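In the block that follows, a single chain appears as structure tokens, in the form predicted on its own.
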Amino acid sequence: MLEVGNAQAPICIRLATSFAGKIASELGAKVVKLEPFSGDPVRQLPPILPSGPKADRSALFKFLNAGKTMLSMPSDAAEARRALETLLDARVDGVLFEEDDQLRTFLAECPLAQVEVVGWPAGMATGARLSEFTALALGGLLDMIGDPDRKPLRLGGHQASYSAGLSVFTALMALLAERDAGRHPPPARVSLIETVMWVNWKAIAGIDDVGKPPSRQGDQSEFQVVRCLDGWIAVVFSVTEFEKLRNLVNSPDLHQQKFATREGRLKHIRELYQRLEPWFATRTRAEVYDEAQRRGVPLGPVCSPADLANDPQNLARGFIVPLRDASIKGARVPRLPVLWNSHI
């Protein structure tokens, strides 16, 4: 599989393409990554490793590209095109590329599974240069979490790009399945903004339900994050689980009639949390989690990367594995969450 980078593509699209290639590589595909002559800009992104060549110290780049064969494209456009033609003469099943009109035209006659990764939805006027932050805003996710009276919070990590990368990989697999069935589907096109809108599907459901999408509710939210002795706990429960939560906290105040129904709890949500918070404040995350598990309440601790690396569940599943890069010793990363035959 070829992963063709475009020097003009924004970082958020490059991350999506790289993540799709990473999934394919980790599932056994041979992935050749063609970097622009200027190099992949992700090589300059933090976190930066303490040693090694300057262009090879980005831990993010290592995470996304370990296991791939890396080639640099010639600076001359004609030479770059000839180099690509040479690669396509070899056995290539699929091509991932980043919003490139010329390359799209060039590949039009190639009988390959092709996925183009773009920022904007088809037919939508292209705005300013896209970033992951603006994609999250345009897709509505920045209006889901946080306090309505404060600026929107940027979500951690690269959720928009990685979600789009998963969409790209899924599209690639669908195209290959069609090819194996003797059909020749047209190339696929994955938009970063459309992917974010899909992730934020509750906005559409909210419009259908109450005529407007859900937005940041702050301390009026039904599900909130509360402080405990050593961090924070996400309090999430369904309508049928409130009784279990009430028994967990064991406060007589929670038996008041105004908390008996979901409508009543939403109407008095701040009062409800004022009665819940003292119980959490005197316990550690582990104590809360263990007791909630025992009672069947799906509360979740807010974890740091170190917490996740040492989590008993992740350790038992072998989820944190050494990075497939011989130039780095001791680095560990999450593997794909799916295993085939317990190996790949």
Partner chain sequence: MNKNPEPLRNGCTVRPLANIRVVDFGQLTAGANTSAMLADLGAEVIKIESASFMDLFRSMGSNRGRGPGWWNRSPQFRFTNRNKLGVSLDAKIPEGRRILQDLVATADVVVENFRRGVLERLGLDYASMAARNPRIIFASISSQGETGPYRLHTSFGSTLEAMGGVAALTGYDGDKPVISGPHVNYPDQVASLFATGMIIAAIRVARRSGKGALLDISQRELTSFLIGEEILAASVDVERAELPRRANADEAMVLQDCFLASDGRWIALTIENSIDVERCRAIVGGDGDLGGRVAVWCAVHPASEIVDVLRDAGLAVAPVRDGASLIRERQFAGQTLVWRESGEIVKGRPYGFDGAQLKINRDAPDLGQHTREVLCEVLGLDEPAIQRLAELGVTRSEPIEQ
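Values in this document were obtained by computation on a predicted structure and should not be read as measured data. Positions refer to the first chain, counted from 1.
Same protein, other form: the form predicted together with its partner chain, not shown, and the subject of what follows.
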* Asked: Just one of 95-103, 80-88, 129-137, 67-75 has heavy atoms within 4.5 Å of its partner chain in the model of the complex; which?
  -> 129-137
* Only one of E271, E243, E178, D253 has a non-hydrogen atom within 4.5 angstroms of its partner chain in the model of the complex; which is it? -> E178
* Within 4.5 Å of its partner chain in the model of the complex, heavy atoms considered, which of A260, L229, I207, A108? -> I207
* Decide whether K30 counts as a contact residue for its partner chain in the model of the complex under a heavy atom distance cut-off of 4.5 Å. => no
* in the model of the complex, K267 touching its partner chain (heavy atom, 4.5 Å) -> no
* Report whether the minimum heavy atom distance between M197 and its partner chain in the model of the complex is within 4.5 Å. => yes
* With heavy atoms only and a cut-off of 4.5 Å, decide whether L308 touches its partner chain in the model of the complex. => yes
* Asked: For the stretch 64-80, which residues lie within 4.5 Å of its partner chain in the model of the complex by non-hydrogen atom distance?
  -> none
